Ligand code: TRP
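In structure tokens, the next block holds one chain alone, the form predicted on its own.
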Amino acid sequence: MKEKKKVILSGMRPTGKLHIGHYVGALENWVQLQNEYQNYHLIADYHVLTTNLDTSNIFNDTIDMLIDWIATGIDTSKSPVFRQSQIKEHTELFLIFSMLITKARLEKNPALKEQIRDLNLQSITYGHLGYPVLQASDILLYKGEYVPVGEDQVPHIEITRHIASLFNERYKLENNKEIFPIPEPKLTKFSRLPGLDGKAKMSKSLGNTILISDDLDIIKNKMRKAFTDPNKLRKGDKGNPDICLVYTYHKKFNATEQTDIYNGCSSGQLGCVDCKMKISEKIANFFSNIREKRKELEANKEKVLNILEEGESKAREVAQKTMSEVREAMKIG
């Protein structure tokens, strides 16, 4: 008998075209995991509302993001892709879970504190405070056993584990069976790629990104402004690759020449401009096939919409089964 695959739930807010930080921190890992696990990929459109109430472009952003997912190698025949807003059970389970966790527990969430600081928020909404609870419903609705995340997202998974434990302790099916697994975080190996300005991560809001869809000329123009060792002002100056984000890009996208780049920078033989142009070409080449696939998908939006509809049908079936068990255990349905 074939062993049942473990379940993984992963997702993103729909922000339009994705950058290479998304690829390194998530997509590359998703593609590798889909043969070993049963993956579900969530387009977290309700989560957008926690920090931005403007939904005028959310559908177009969803399609742009989905095209990047498929172009990078997500096999939607194995791994359903779906919008959170189209599976109503997400909000139903969110409501139930909201009754299990205290406000004090949510306020201690370090990831929330980081968001408040980064966005310079003076106050937060109830929905923003409860963001990890909605995330818990996203994961547990599909009985996710692992969640691929960076280290900064681990506190959210701890809240999910807490909620699953609380529910399982209080409500069980007639055979004393617990409904929800206690999910484990699955840390990505290369969880963050620094932004072009030297910030800790790439972010569209900071304008420090290289998009997966950017061609060579665009990448070169962006890379010219990239932050480097401030003490290396001209070719001939000895640099410190360990503090240079361009060298970080070389480690990921130009591993075969990594040692030569390090030595050339350290000795002063390699200038920053030449270093930047070299990595620009490497990045452009790395994503060339993905860009071509992306163009094909952009020209056939109907195919993309059909993929989304099929994924939502599969996800809805699983979600409805889980909620049927929840209602049975709670004796409310």
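Please read these numbers as outputs of a predicted model, since none were measured by experiment. A residue's number is simply how far along the shown sequence it sits, counting from 1.
Omitted here: the form predicted together with tryptophan. The next part is about that form.
A heavy atom within 4.5 Å of tryptophan in the predicted bound form is found for exactly one of Asn208, Thr228, Gln153, Ser79: Gln153.
With the partner omitted here, the residue from Ile163, Ile139, Met202, Cys244 that has a non-hydrogen atom within 4.5 angstroms of tryptophan in the predicted bound form is Ile139.
At a distance threshold of 4.5 angstroms between non-hydrogen atoms, Val147 is in contact with tryptophan in the predicted bound form. The shortest heavy atom separation between Arg13 and tryptophan in the predicted bound form is within 4.5 Å. Not displayed here, tryptophan is kept clear of Tyr249 by more than 4.5 Å at the level of heavy atoms in the predicted bound form.
At a distance threshold of 4.5 angstroms between non-hydrogen atoms, Ala44 is in contact with tryptophan in the predicted bound form. Only one segment in the set 306-314, 321-329, 5-13, 20-28 has any non-hydrogen atom within 4.5 angstroms of tryptophan in the predicted bound form, and it is 5-13.
Contacts with tryptophan in the predicted bound form, taken as any heavy atom within 4.5 Å, map to no residue of 100-127.
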